[in-house]
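What follows is one chain in structure tokens, specifically the form predicted alone.
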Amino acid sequence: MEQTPATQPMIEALGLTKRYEDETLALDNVSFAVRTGQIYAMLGGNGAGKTTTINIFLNFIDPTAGEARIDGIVTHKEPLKAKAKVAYVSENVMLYPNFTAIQNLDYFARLGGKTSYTKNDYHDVLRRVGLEDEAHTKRLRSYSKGMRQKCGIAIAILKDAPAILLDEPTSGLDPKAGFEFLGLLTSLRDEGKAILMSTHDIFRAKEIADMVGIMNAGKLVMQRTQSSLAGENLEELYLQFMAGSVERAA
């Protein structure tokens, strides 16, 4: 049955498989969906397939089989159309270190076709992500990792895309910065954004995510809603799936 726009997931993987030329199977028939106003946390160790999944959604690499869709658009068939619907924040945000925060926001907003923003708009969004006013006109080479992450999410907010992809967004952040970052993600979800987040952070994943998936060796071995995880020890579940002591569940 064909999905209607009302029920169509904003972010969707359908049988995603990626096998590299050296025969490494990085993804093995992975399927999941993230709807408007949801956060999906994808847990897994290094090499589990989390970043490969995100790279396919961003059309950095093509799938061997299956499809990644953003708002129904198949990313490897219509990459430019799909990219217009998604904002991305990586673990190590790549911005211009000799630009100030304001200059970075203006550059990337204009690059994305957003030409109507004013300096006041930039100041407002930087305050929203938790950057003090005095940091707005500092060059990013003086920023901590947490400050660069905040600047990256500010750029994502300005793009105003319905889908947001985050690759290890809280990695290396101190507890205060991590807490503030997750509060910001909650507010974006409440605005109707669909958010896919790869992370190692089990505790924050359980706290914030509407759906949690666990990946191991390229397979999605568990998917559970937040409500179904209530009262369960997610860390123990994670360790069991990583050890392969529990059969695959979806």
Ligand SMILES: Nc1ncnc2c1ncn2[C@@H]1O[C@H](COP(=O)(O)OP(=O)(O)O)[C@@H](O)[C@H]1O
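This structure is a prediction, so every number in the text was calculated from the model and none was measured. So that there is no doubt, residue numbering starts at 1 and follows the sequence shown.
One more form of this protein, predicted in complex with the named molecule, exists but is not displayed; see below.
Of the candidate stretches 187-195, 39-47, 220-228, 205-213, only 39-47 has residues whose heavy atoms lie within 4.5 Å of the named molecule in the model of the complex. Although the partner is absent here, V34 is not a contact residue: none of its heavy atoms lies within 4.5 angstroms of the named molecule in the model of the complex. In the model of the complex, the named molecule sits within 4.5 Å of a heavy atom of T52. A68 falls outside the set of residues with a heavy atom inside 4.5 Å of the named molecule in the model of the complex.
Heavy atoms of T24 reach within 4.5 Å of the named molecule in the model of the complex, making it an interface residue.
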